[in-house]
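For reference, the chain that follows is the form predicted on its own, supplied as structure tokens.
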């Protein structure tokens, strides 16, 4: 039987009860999942039929070996997702718990391994994590309006790739006609003392841009 998300949640709740109290009772599982006892009994009987639990009316619920394996795997997914949301992204704990419940059921092994590695990387590189958190905080507050800088923010010798050309329709057409198209690589040859003009090289020829034009060209550094 293919386990639904709900049945996986029941297995995880039983797993927690067994580990915390040494036993899992219907009423305790119902309380943990905020459902009626009758719903727990119905779910447990389905899990029993599939071989994941042992249960008789009025008795404790016990995980079988297959049940333990699934519950452990679900618990590990839950832990990794929560760590990522809480420790890496800084999501408020209660909201992180709710998001975890929705994400954990849709992880394959490749995603789980990659997310585990990412969490471990940030734990081992706290300076990188702190830089990311500061960047994320600024981004959320609108202090960073784009993932890329504009051409006027770079200096002589920088090699850049054009990401987007903005400005009014006439200016965009003019810049694109000059060869400043998305994906195009350019090298800054010279920047005047006051930043105006900015001389660049692209496609083997030289181009001089006014500072206001350079501000309309979003780039990333190569």
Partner chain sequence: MKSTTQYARSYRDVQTHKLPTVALIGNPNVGKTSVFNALTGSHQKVGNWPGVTVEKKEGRFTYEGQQVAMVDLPGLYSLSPYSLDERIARSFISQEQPGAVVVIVDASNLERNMYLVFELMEMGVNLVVDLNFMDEAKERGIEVNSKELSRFLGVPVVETVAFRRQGIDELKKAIVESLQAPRRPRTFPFPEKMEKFLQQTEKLIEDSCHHDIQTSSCFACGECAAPNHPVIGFPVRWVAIKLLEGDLEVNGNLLSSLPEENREVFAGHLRSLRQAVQAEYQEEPEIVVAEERYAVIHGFVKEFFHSRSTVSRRMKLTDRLDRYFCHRYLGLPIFLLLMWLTFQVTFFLGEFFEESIEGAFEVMGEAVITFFGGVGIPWLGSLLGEGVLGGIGAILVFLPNIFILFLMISILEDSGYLSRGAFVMDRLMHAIGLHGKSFIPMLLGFGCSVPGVMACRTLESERDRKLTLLVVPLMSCSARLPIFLLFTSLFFSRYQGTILFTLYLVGIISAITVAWVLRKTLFKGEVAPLIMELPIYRIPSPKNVLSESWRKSYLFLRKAGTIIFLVVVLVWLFASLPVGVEYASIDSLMGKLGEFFAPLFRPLGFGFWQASVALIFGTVAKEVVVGTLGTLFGGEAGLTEALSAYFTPVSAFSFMVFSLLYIPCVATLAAIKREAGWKWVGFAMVYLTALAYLVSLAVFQIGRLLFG
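We call the rigid core the largest set of C-alpha positions that still match within 1.5 Å between the two forms. Residue numbers count along the first chain shown, from 1. Keep in mind it's a predicted model, so treat the numbers as computed, not measured.
Unshown form predicted in complex with the partner chain; subsequent notes refer to it.
Legend entry - Sole residue of 168, 56, 65, 49 within 4.5 Å of the partner chain in the predicted bound form, by heavy atom: By the 4.5 Å criterion, the partner-contacting residue is 168.
Inset, instruction - State the residue from 196, 185, 69, 158 whose non-hydrogen atoms include one within 4.5 Å of the partner chain in the predicted bound form. - result: None of the other options qualify; the answer is 196.
Inset, instruction - May I ask you to state whether residue 42 is within 4.5 Å of the partner chain in the predicted bound form, using heavy atom distances? - result: Residue 42: no, not in contact with the partner chain in the predicted bound form.
Inset, instruction - Could you confirm whether residue 25 comes within 4.5 Å of the partner chain in the predicted bound form, counting heavy atoms only? - result: Judged by the heavy-atom cut-off of 4.5 Å, residue 25 is well away from the partner chain in the predicted bound form.
Inset, instruction - Would you check, heavy atoms only and a 4.5 Å threshold, whether residue 13 touches the partner chain in the predicted bound form? - result: No, no contact at 4.5 Å.
Legend entry - Close approach of residue 31 to the partner chain in the predicted bound form, 4.5 Å, heavy atom: No.
Legend entry - Neighbours of the partner chain in the predicted bound form among 196 to 212 [non-hydrogen atom within 4.5 angstroms]: Going through 196 to 212 in order - heavy atoms within 4.5 Å of the partner chain in the predicted bound form - the hits are 196, 197, 198, 199, 203, 204, 205, 206, 207, 208, 209, 210, 212.
Inset, instruction - Classify residue 210 as shifted (yes) or not shifted (no) between the shown form and the other one, where shifted means its C-alpha moves by 2 Å or more with the rigid core superposed. - result: For residue 210, whose C-alpha is compared between the shown form and the other one after core superposition, the shift is 2 Å or more.
Legend entry - Post core alignment: residue 11 C-alpha displaced by 2 Å or more between the shown form and the other one: The answer is no; the displacement is under 2 Å.
Inset, instruction - Return yes or no for residue 53: a CA shift of at least 2 Å between the shown form and the other one, with the rigid core superposed? - result: No, the C-alpha position differs by under 2 Å between the shown form and the other one.
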